[in-house]
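The chain below stands alone and is given as structure tokens, in the form predicted alone.
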């Protein structure tokens, strides 16, 4: 099925007061995004909250403004003219071309053939530019799905810069010569499921289904498996605003959401893999995004890593760290602590704390603005967590 490109992600059609309320919230959110972008320095923490909150960044026009800020990419530093690509002498060209041609379904229906052919050229060139400039990176099948998504939203010039940053940060572990680090990241999936629903975990273990069913989810940020482009870009809003391991938490909540289907399935590896590898069309994405964020806060990667003694490639990601410290993430953490203390005090008094559920969620998820400073899977290892700890001591003397 072709991906349906949409300029916005909104609620279901409503009438009367309900529709007015939706429009009012959209206008308010757009105003807050505009205000965050106009701050100097840009209020990246607020932009992350907007990208995480219900509806995400809403339109491709807003994404073109916000996605670069979430990745700390300055448009002023992007050259107006992109480097030419030497396709004939590039070892990856043939494979990249085949993969991009297969991604034809990603382009919106009704597009003129000439424009479609042009768009096939552009993702190939983006990929080859990034690989030539960063020889430590290795192409993998599925990478092109991510590139196509950025191309459709941003255009070739801006997409090239953001894909390069993403490749050297969030996707870095997937671009090693081997899949060892990718397998390590996949190994976080089952411990999350075990903590939330031991029955589903035990059943999957008994079926010996493993985690390969989620491989394409992880390495393409679900871009390869979702048929509606609105859902793809909504998830990209979420993932870009969060820790690089968030896609594995989202994979876990999809499995947990399908608890009844899993437990009703025949306890057989092939049958279970067949069921899980196909994502339903009607998932409640906003609910699952909220739940994934809650699970991240409840079961952080550092805790899972200590128990499983797993390590992935450790990156420093100094530019992300700098971007986070400039936006004073300690303010968000202090607010979250104060809120938790207030709820505890109210509970001790036997009253119900009056705190909006959405506010609680945004405060918890905003903490992930800090974790992204450490890059792909870095916070998930004990050493990286310890390296971050002194910085938190400085924030909370």
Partner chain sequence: MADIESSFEFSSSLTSSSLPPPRTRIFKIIVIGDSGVGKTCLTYRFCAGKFPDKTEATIGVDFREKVIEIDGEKIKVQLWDTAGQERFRKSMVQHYYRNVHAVVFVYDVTNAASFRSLPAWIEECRQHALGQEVPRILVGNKCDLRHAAQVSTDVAQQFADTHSMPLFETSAKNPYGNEDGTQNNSDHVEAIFMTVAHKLKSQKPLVLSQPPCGYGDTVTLRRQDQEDGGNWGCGCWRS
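Numbering follows the first chain given and starts at 1. Treat the numbers as computed from the prediction; the structure is a model and nothing was measured.
The same protein has a further form, the form predicted in complex with the partner chain, not shown here; the description that follows concerns it.
Chemist: Looking at the partner-bound form in the predicted complex, is residue 86 within 4.5 Å of the partner chain by any heavy atom?
Modeler: Because no heavy atom of residue 86 falls inside 4.5 Å of the partner chain in the predicted complex, the answer is no.
Chemist: Whether residue 99 contacts the partner chain in the predicted complex should be assessed with a 4.5 Å heavy atom distance threshold; does it?
Modeler: Yes, residue 99 lies within 4.5 Å of the partner chain in the predicted complex.
Chemist: Heavy atoms within 4.5 Å of the partner chain in the predicted complex: does residue 145 have any?
Modeler: Result yes; residue 145 sits at the interface with the partner chain in the predicted complex.
Chemist: Whether residue 210 contacts the partner chain in the predicted complex should be assessed with a 4.5 Å heavy atom distance threshold; does it?
Modeler: Taking the distances in the predicted complex, the answer for residue 210 is yes, it comes within 4.5 Å of the partner chain.
Chemist: Going by heavy atoms within 4.5 Å, which of 261 to 269, 284 to 292, 190 to 198, 123 to 131 lines up against the partner chain in the predicted complex?
Modeler: Careful reading of the contacts points to 261 to 269.
Chemist: With the partner chain left out of view, which of 156, 228, 176, 164 would have a heavy atom within 4.5 Å of it in the predicted complex?
Modeler: The residue in contact is 176.
Chemist: Of 303, 202, 180, 75, which residue is found within 4.5 angstroms of the partner chain in the predicted complex when only non-hydrogen atoms are counted?
Modeler: For this set of options, the contacting one is 180.
Chemist: Can you name the residues of 132 to 159 that have a heavy atom within 4.5 Å of the partner chain in the predicted complex?
Modeler: Those in contact are 138, 139, 140, 141, 142, 144, 145.
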